[in-house]
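Just the one chain here, laid out as structure tokens, in the form predicted alone.
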């Protein structure tokens, strides 16, 4: 049995975990005791993240669609994908990366798009825009005297939730903004502002809250209705010398948005509706955009599992998960965290960067 340090892939906080392996198989995880972000603690998602390695639906070989999706080999699937990419004009091709990809994979995907002349590229960022302002650090959470929160941070990001509870025990005032009648974060807050939208809060309540903010305050933003709202929360922080931390879902959301344009769901729909060929790397968009994806003439997907998007695809390439490749993630506070290959990819799967380079090689493109 062996313990190897890595970074949890479950969200953007960037907790340190140890992967437990036995005979080249993942059998569990154990908190990395000396890692400063999570200080030896882990949440349920972190404890169970090794499950994606042994997922029953892991893709072991390429697939292509004939009358239905069937197993294929690398030569046949690459040749089909390349012939289709060559048959479309650059403006007809859309390329979508993911916050689950490493920084290095996002970089090579961007280079590939540039080499094709394809300008329709991005990654699904929810309602978060790219931002370049300085964020607080995770120690600021428990050391703040006033915390304003959007969304259900305790439930979705328990390791930050732990720090919020520590702040409360130290006397901090907590105010949470969200939609449901009751949330986990709202239940531990001094005030829960139930609102129909974040916009409504900013219009009706923000001015009053502004008077509570000072240099000992922190704004945690995990829910937005549109991209412009993040800048308004940043302005609230800037006016009061407060700190601010945007919290995104995927392990490399912040890294991805530093390389690829972040797209909202509406922006994704608009882009996809104008494309004839779509190339998706590392994301299962069908769960939210299935009907939109069905309108695309030809769909190429790189995925670790036979998910909903893969099932809609014309070509599916099997990709490696986070402990089967080497690279880096950037967490919510901008720290670049290295991950290393601990296990070999299963079957014929490869890391996303290698697959992209294989497509480029077939197209005689030098990346």
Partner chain sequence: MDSNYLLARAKDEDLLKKGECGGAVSSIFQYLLDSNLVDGVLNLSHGEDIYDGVPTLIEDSKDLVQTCGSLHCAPTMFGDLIRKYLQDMNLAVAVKPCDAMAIKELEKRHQIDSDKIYKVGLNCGGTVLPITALKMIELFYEVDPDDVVKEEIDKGKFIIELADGSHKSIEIDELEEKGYGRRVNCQRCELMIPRNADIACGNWGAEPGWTFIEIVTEKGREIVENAHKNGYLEVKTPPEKLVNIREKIEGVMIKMARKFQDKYLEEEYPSLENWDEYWNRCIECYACRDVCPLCYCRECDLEREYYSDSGETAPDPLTFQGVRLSHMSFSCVNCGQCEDVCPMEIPVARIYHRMQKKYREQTGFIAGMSEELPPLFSPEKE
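Just so you know, these numbers come straight off a predicted model, no measurement behind them. Numbering follows the first chain given and starts at 1.
Absent from the display: the form predicted in complex with its partner chain. The rest refers to it.
J.: Note which of 137, 183, 276, 103 lies within 4.5 Å of its partner chain in the predicted complex, where distance is taken over heavy atoms; exactly one does.
T.: When its partner chain is considered in the predicted complex, the option within 4.5 Å is 183.
J.: Between the options 143, 195, 152, 240, which residue brings a heavy atom to within 4.5 Å of its partner chain in the predicted complex?
T.: Among 143, 195, 152, 240, a heavy atom within 4.5 Å of its partner chain in the predicted complex occurs only for 152.
J.: Mind checking whether each of 60, 230 and 290 has a heavy atom within 4.5 Å of its partner chain in the predicted complex?
T.: So, no: the whole triplet misses its partner chain.
J.: May I ask you to state whether residue 129 is within 4.5 Å of its partner chain in the predicted complex, using heavy atom distances?
T.: Residue 129: no, not in contact with its partner chain in the predicted complex.
J.: Taking its partner chain as it sits in the predicted complex, is residue 20 near enough to touch it, meaning that at least one heavy atom pair lies within 4.5 angstroms?
T.: Because a heavy atom of residue 20 falls inside 4.5 Å of its partner chain in the predicted complex, the answer is yes.
J.: Does at least one non-hydrogen atom of residue 3 fall within 4.5 angstroms of its partner chain in the predicted complex?
T.: Result yes; residue 3 sits at the interface with its partner chain in the predicted complex.
J.: Spell out, yes or no, whether the shortest heavy atom distance between residue 51 and its partner chain in the predicted complex is within 4.5 Å.
T.: Result no; residue 51 lies far from its partner chain in the predicted complex.
J.: Pick the stretch from 29-37, 303-311, 335-343, 316-324 whose residues have a heavy atom within 4.5 Å of its partner chain in the predicted complex.
T.: Looking at the other structure, the answer is 29-37.
J.: Does anything in 89-120 come within 4.5 Å of its partner chain in the predicted complex by heavy atoms, and if so which residues, in order?
T.: If the 4.5 Å heavy-atom criterion is applied to its partner chain in the predicted complex, 89-120 yields nothing.
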